[in-house]
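There is one chain below, alone, in structure tokens, taken in the form predicted alone.
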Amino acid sequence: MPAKHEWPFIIVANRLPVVRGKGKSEGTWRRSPGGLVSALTPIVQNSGGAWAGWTGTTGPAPDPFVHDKITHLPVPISRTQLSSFYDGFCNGTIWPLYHGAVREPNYHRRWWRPYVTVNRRFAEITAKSAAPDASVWVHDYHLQLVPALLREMRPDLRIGFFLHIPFPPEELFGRLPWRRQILEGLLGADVVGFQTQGDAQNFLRMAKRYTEARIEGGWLHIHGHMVDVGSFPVSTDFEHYNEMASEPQVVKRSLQLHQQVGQGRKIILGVDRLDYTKGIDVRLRAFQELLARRPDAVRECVFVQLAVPSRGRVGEYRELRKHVEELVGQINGEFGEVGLTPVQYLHRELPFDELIALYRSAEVMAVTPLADGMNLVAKEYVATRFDDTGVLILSEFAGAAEELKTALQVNPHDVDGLAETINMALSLPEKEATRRMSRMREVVSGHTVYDWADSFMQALSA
């Protein structure tokens, strides 16, 4: 293993880009799925770099190891720290607060202290591992203190930070007891990136109000240090989704799904992590309202909701699952007919090719989060529509709404308006649907996840 101060580029994220195999593969590592890992991996490989993150299991961390031409720097997190740092501060305080306080955030000092401790540990491991004048790219809300801690330890480093979730406005962020510490943590970076221009503006206002930073020439200046703040909207691997969608076996499977699930009806699809920010329950109530207004719609359409398990240790998420499943049962009991089920509900992950087939089988995609940094599901659906078919219903409060302007945009809190939009999507003229989808595909193909990574790295090296 190389000596310390060896790697010229390091990604720092809550999780490593690998997961440990199970069953016969136990003890081996494999790359995590997802476009983000795919986009960042070549950058690390080409630079001879490393990736610092948690393995996903508590207790002592394994020694650094090489997998897929990347040196992995495991960061240890204890069971107690996981409870306070991750379940507590990250997901009980920051997650709801940054998502518009759609659930009341909790502010506990017993959570804050482990957050500081874990952030310091990430910074220490990175500081020991980075080569002189190396570039470091820190990711997301788990590690907002790392940039300043790193700058204190290694002022020679070029440091970037990207927030994958929304950054809240003043009336929400101002409630955070540790608002100054968070802001000063982020201001340790040379480049601070957000999903939207609105998020970037929120941060600039907060930094100006709660720290000694001042804005000059479009840059933030603090303690003799300049910070470039901007929006870098994340995207998806367009070509991968587009090509997979046209694979013969995927096309065949999508037709099977449509025949089995649709039974001659149009499919309305929802694909989300089971999280209260995604608006799954409101979306289902809107579909319920549509059926109440038009009982014959049960023979015209079927709602398929894929809810990927998420944070099952947290009581609030277990309650959400119970609520959603009760709502599905209520709709099916009230409006179902013999042989016709209004809502098909799946609570599990699907293999990638099955997910693409599901995207292809759906005439309508409903992406209606109450708040979202970007929402890649919307872009993934667009990327699979190689024939320009399909209608996307998209929340105004998803970051993707800034780019996908020809989607049918909705206020996800408005049950009546959402029901009307679903009804509109089902009857949208083919020519109009094609026009809208064609424009969205131009946008998504013109700015992929690789373009996103390249644009941030260019800003970091400027």
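Numbering starts at 1 and runs along the sequence shown. Keep in mind that what you see is a predicted model, and the values were worked out from it rather than measured.
The same protein also has a form predicted in complex with a small molecule, omitted here; what follows describes it.
**Q** Only one of Asp199, Glu363, Glu184, Glu380 comes within 4.5 Å of the small molecule in the predicted bound form by heavy atoms, so just point that one out.
**A** Residue within 4.5 Å of the partner: Glu380.
**Q** Would you mind picking the one in Thr368, Thr384, Gln144, Gln195 that has a heavy atom within 4.5 Å of the small molecule in the predicted bound form?
**A** After the contact test, the surviving option is Gln195.
**Q** Among the candidate stretches 86 to 94, 217 to 225, 300 to 308, 248 to 256, which one is within 4.5 Å of the small molecule in the predicted bound form when only heavy atoms are counted?
**A** Flagged stretch: 300 to 308.
**Q** Although the small molecule is absent from this view, report whether Gly279 comes within 4.5 Å of it in the predicted bound form, heavy atoms only.
**A** Gly279 lies outside the contact set for the small molecule.
**Q** Heavy atoms within 4.5 Å of the small molecule in the predicted bound form: does Ile165 have any?
**A** Ile165 belongs to the contact set for the small molecule.
**Q** Can you check whether Leu36 is within 4.5 Å of the small molecule in the predicted bound form, heavy atom basis?
**A** Result yes; Leu36 sits at the interface with the small molecule in the predicted bound form.
**Q** Does Glu170 make contact with the small molecule in the predicted bound form, using a 4.5 Å heavy atom cut-off?
**A** Heavy-atom contact with the small molecule at 4.5 Å: absent for Glu170.
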